[in-house]
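Take a look at this single chain, the form predicted alone, given in structure tokens.
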């Protein structure tokens, strides 16, 4: 399995990223730098371009222009290497409904050539509290349980970078607590996490950096320790025109 480029000074480096759909500009000359080990939460109003940014970083959408590097690899030259170094959770679980949870995780593990796969699946399933559901077909599980399987799939190969697009949607309180524990640490140490969420409380609680995306650009970024909830709400309103 390809490891993250050890010479890379940043986990995520984006410069001049523009993404258009026809005449519509979604991301506009966006710059973003995320250091190794950071947990950055990006907030922004609907239509700001948050999901589009995540799709580009996840290699699911190609930039119109600009430079994107994830885990040290250039998106334009080696998207496969990026995919091997990221875990992705989106709004929807995106699992194979006619396969069991175990079969979904096994398929993911074989794609990454993981050794001792069954043991790894059982360990990861235990972390997400889905052990007793491994033999169940995914389409028989609740949405919340499917989301847990999706999270297990994202961390199964121990990626150094996690991309989480509203991962808390559909999760109960127990699963949210598990999420807080598993996303920040892995076998190789603390993971780098970029999360998009509408939950101010959850985002501020988990992250060590916060950012605001509006008008297709990162308009604000700050250390979490330097801003309290009230101060962040003021900044959010100033940059977006929306009151939280």
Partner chain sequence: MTGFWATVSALVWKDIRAELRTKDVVISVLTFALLSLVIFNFALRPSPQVIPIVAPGVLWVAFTFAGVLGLTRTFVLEKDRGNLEGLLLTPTSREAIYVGKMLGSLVFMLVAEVVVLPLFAVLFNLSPFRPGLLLVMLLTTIGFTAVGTLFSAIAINTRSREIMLPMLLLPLVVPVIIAAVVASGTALEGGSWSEMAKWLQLIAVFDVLALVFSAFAFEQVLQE
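Positions refer to the first chain, counted from 1. Just so it is clear, the model here is predicted, and its values are computed rather than measured.
Not on display, but discussed next: the form predicted together with its partner chain.
Looking at residue 176, you'd find every heavy atom of it more than 4.5 angstroms from its partner chain in the model of the complex.
In the model of the complex, none of the heavy atoms of residue 115 sits within 4.5 Å of a heavy atom of its partner chain. Its partner chain is not shown here, but in the model of the complex it comes within 4.5 Å of a heavy atom of residue 108. By the criterion of a heavy atom within 4.5 Å, residue 180 is excluded from the residues contacting its partner chain in the model of the complex. Contact with its partner chain in the model of the complex, defined as a heavy atom within 4.5 Å, is made by all three of 55, 62 and 96. Along 212 to 243, a non-hydrogen atom within 4.5 Å of its partner chain in the model of the complex is carried by no residue at all.
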